[in-house]
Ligand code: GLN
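Below, in structure tokens: the form predicted alone, a single chain.
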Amino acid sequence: MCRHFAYLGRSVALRSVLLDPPFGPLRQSWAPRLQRHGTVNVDGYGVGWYAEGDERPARYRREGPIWADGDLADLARVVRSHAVLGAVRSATPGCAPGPQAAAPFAAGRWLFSHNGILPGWPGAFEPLAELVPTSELLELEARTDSALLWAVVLNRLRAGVELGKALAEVCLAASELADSRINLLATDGRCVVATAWGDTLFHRRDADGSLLVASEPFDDGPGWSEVPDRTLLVADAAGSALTPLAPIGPRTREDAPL
């Protein structure tokens, strides 16, 4: 498993959402409070953010634990953004190591993360892979279950599917193939979309309208609400909406595209 988060709101220094919170990503890498599967998240980390006036995000990813990166403090102190997505990784056995395997994954204006596991990957999820052209599968940054999910989501986005619908469809399609944990998280810099499926997810809206979505609360302050399991969260500056995710039934190759 992993822990991930997204922030949307006024421009802030990266350290205010990545390093400073008492129970934020830094603490969650070595002492998560609500993680149901696994104990630490030391197999890499990453953060992506949007610069003012640029819809294509930047990323910074490393292979080791977040606390071991001596360059991060300076980067997080000076870089500011209105939209951030980050994760600390606990690698699934059989999945590739390295910074390319750490979220966030990215393409165009989108950032993406997966907190969970696809049991029986890759064999059990061949029907999911078959929904993506071989040329797009060859673009995978790493040989991991999360990268496969991102490839399927990205295929839907490139087909013009709205971000929330794309995550919901892929989450449900993956859930039909195995008893998976599929907490997906994505942003385009203007909205944040997430699924809660098999692990914890929380969100908080501050008085200034800023939004935090995270695997677990960053502090013990008020305002945190847990997203019910098997639920889609879609949030932007205007507000947030929660929609139950319902099973879609067995899927065959003839059902493609999603």
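Everything numeric in this text was worked out from a predicted model, so none of it was measured. Heads up: residue numbers just count along the shown sequence, starting at 1.
Beyond what is shown, the protein has a form predicted in complex with glutamine; the following relates to that form.
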property: Contact residue in the model of the complex, from 161, 131, 79, 91 (heavy atom within 4.5 Å of glutamine); result: 91
property: Contact at 18, 46 and 69 by glutamine in the model of the complex, all three, heavy atom at most 4.5 Å; result: no
property: Partner proximity in the model of the complex: residue 95 to glutamine, non-hydrogen atom cutoff 4.5 Å; result: yes
property: Close approach of residue 146 to glutamine in the model of the complex, 4.5 Å, heavy atom; result: yes
property: is_contact(residue 115, glutamine) in the model of the complex, heavy atom dist at most 4.5 Å; result: yes
property: Interface membership of residue 2, glutamine in the model of the complex, 4.5 Å heavy atom rule; result: yes
property: Stretch from 83 to 91, 152 to 160, 168 to 176, 132 to 140 whose residues place a heavy atom within 4.5 Å of glutamine in the model of the complex; result: 83 to 91
